[in-house]
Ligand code: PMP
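Given as structure tokens, the chain that follows is alone and in the form predicted alone.
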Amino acid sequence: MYYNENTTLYCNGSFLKASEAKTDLYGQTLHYGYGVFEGIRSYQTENGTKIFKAKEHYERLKRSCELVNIPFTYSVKELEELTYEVLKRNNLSNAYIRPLVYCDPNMSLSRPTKVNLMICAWEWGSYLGDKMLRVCLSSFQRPNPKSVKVEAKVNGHYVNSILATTEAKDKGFDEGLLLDMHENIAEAPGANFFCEKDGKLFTPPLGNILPGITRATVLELCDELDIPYEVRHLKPAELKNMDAAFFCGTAAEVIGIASIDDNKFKKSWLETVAYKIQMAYQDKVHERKMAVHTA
């Protein structure tokens, strides 16, 4: 699904066949989840293959390393150049890109002295599909921000996400929606959350959620389209009175939610400002002139 005998990836200064790449079984990342990664997309645009917000993603990768004491010396410019080369060698335009910083062998619980960088890419559609989602409130919470660096995209954090998504799918839903330690709405396992009421968008504040680059892009689009929004804590009970909701993330892009715990939203998706955001986001990543999208 992710590679074949012709796929090339970058690893520690060399471009290798993915099928021939190796790692050490005693690494801290494998044993303890001590590593960081990014999820990035590239798109075919009128101006050629473009990585969407590469700078922002790689700045976050470097920041994640700093937050969890992983030494990492690559510059953002180097990372961008390496990534475009991976895309070129694999003849990819519309692709999902996965940079991974992983640690050397170390069975202790101490900071690493040496780390590794891998960058791979593959063709991947929308992570959550292209249909409106049936979502349930998860029994799992996002971690207490005093227990981990929630703003860092750390490998081990995603066990929490896997548990939440698995629970949702086992119940017959498409995805879960997690709360924070104070029972406020937090985010999806791999995406941020927005909801809409009377033409205004609402989204949870930073502090208990990943500072999503797509989330920031949605807020930029709100400013560009004169769509009002408010960043504040939201309680689950408020969702029943909302007109619409959506998830957003690099993998998920912008995807509408049909219902939460089988409570359907009041408005038709095509009549919402959320739909305008969804269409405007596609225009932005494909570098098209932003159109006026109406029902």
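All residue numbers are counted from 1 along the displayed sequence. These numbers were taken from a predicted model, which means no experiment stands behind them.
Below, we refer to the form predicted in complex with this ligand, which is not included among the displayed structures.
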Original post:
Exactly one stretch in 72-80, 219-227, 166-174, 204-212 has heavy atoms within 4.5 Å of this ligand in the predicted bound form; which is it?
Top reply: 204-212
**OP:** Select from the listed residues A244, C248, L61, I260 the one whose heavy atoms reach within 4.5 Å of this ligand in the predicted bound form.
**Re:** C248
Original post:
Should P99 be counted as a contact of this ligand in the predicted bound form, where contact means heavy atoms within 4.5 Å?
Top reply: no
**OP:** May I ask you to state whether N192 is within 4.5 Å of this ligand in the predicted bound form, using heavy atom distances?
**Re:** yes
Original post:
So, in the predicted bound form, is E196 in contact with this ligand at a 4.5 angstroms heavy atom limit?
Top reply: no
Subject >> Heavy atom of A188 within 4.5 Å of this ligand in the predicted bound form >> reply: yes
Original post:
in the predicted bound form, which residues of 130-151 put a heavy atom within 4.5 Å of this ligand?
Top reply: R142
